[in-house]
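Below you'll find only one chain, the form predicted alone, shown as structure tokens.
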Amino acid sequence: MNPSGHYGWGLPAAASSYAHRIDGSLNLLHGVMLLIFFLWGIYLVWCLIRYRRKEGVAAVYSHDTPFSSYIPDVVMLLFEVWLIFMIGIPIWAHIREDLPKPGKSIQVRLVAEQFSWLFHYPGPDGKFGKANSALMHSNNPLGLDENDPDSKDDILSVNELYLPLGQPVLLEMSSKDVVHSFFVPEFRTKQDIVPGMKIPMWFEPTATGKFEIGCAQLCGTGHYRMRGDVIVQSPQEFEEWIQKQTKKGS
């Protein structure tokens, strides 16, 4: 999928396992609001006709309000409570609490900095090498300890997150400097990354192609150019990419 083809008049293309649930809740909310708009419009027109000015009929400026006039308000309140507890909270809990198990997901560490995204893969051994901020420099932006055997096959990708189709991805996100926000509209994911914190986030790609990463938090003068791409491939293509990067680093 080409990023330019993901956008139209409505929401961007849905490309994650929970994107359709989020879209469904939005469509339900917008549909109900549209229905209310038309019903109130019809009622307003009826009132303009029914209570229009007539010769010999005095205007009434006060009247007793019957209990039945509160029925629309009660119905809307019940709908909003149902929407929150039956739709909103279950979706939120699924996204924020149902994190995939490390052994059953692709694990990637994301380190955000002004103004790029650094993606750290554990390599074929499945183990992340040790990192030390004192070791950070232009050729080692993550501060990986070269003396640690686990870091020998680690992979670093700048502004490009390669992923396999149909497998859950668990991101452990952190920031070197200021607050950033990882945003991929097609996945319906947006998460602030706060310095000093390690923040987990997950999604499961359901379509191959390239999806743009944007920073949704103003993070400095170069904020406009802090972008990257999620590149979703078939599992075979992803494995070939891993092997290629491992040989390149050896």
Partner chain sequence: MEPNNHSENFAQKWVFSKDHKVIGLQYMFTSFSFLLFGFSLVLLMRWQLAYPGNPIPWIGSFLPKSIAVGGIMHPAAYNSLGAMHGTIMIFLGIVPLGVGAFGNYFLPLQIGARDMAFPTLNMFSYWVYFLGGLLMFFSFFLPGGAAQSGWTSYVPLSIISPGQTVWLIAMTFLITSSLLGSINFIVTTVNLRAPGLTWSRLPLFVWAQFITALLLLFAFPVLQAGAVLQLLDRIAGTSFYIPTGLIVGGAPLDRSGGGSALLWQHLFWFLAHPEVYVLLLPAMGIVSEILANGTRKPIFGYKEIAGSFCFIGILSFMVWAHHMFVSGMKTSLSYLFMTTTMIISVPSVAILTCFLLSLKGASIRFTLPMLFALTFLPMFGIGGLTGLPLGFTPTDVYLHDTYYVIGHFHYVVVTGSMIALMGGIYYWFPKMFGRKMNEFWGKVHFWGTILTMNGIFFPMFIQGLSGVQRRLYDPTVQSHNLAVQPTNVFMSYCALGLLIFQIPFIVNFFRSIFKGEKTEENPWHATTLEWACPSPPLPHKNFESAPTVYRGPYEYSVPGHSTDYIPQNVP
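Numbering follows the first chain given and starts at 1. As the structure is a computational prediction, the values presented were derived from the model and not from experiment.
Heads up, the form predicted together with the partner chain isn't pictured, but that's what we're talking about next.
Gln114 is the sole member of Gln114, Ser157, Ser174, Gln107 with a non-hydrogen atom within 4.5 Å of the partner chain in the predicted bound form. At the 4.5 Å threshold, heavy atoms of Glu204 stay clear of the partner chain in the predicted bound form, well away from it.
The closest heavy atom approach of Arg96 to the partner chain in the predicted bound form falls within 4.5 Å.
At a distance threshold of 4.5 angstroms between non-hydrogen atoms, Gly166 is out of contact with the partner chain in the predicted bound form. Interface residue remark: Gly214 is counted as part of the site for the partner chain in the predicted bound form, having a heavy atom within 4.5 Å. Considering the partner chain in the predicted bound form, the lone stretch of 80-88, 99-107, 118-126, 148-156 in range is 80-88 [heavy atom distance within 4.5 Å].
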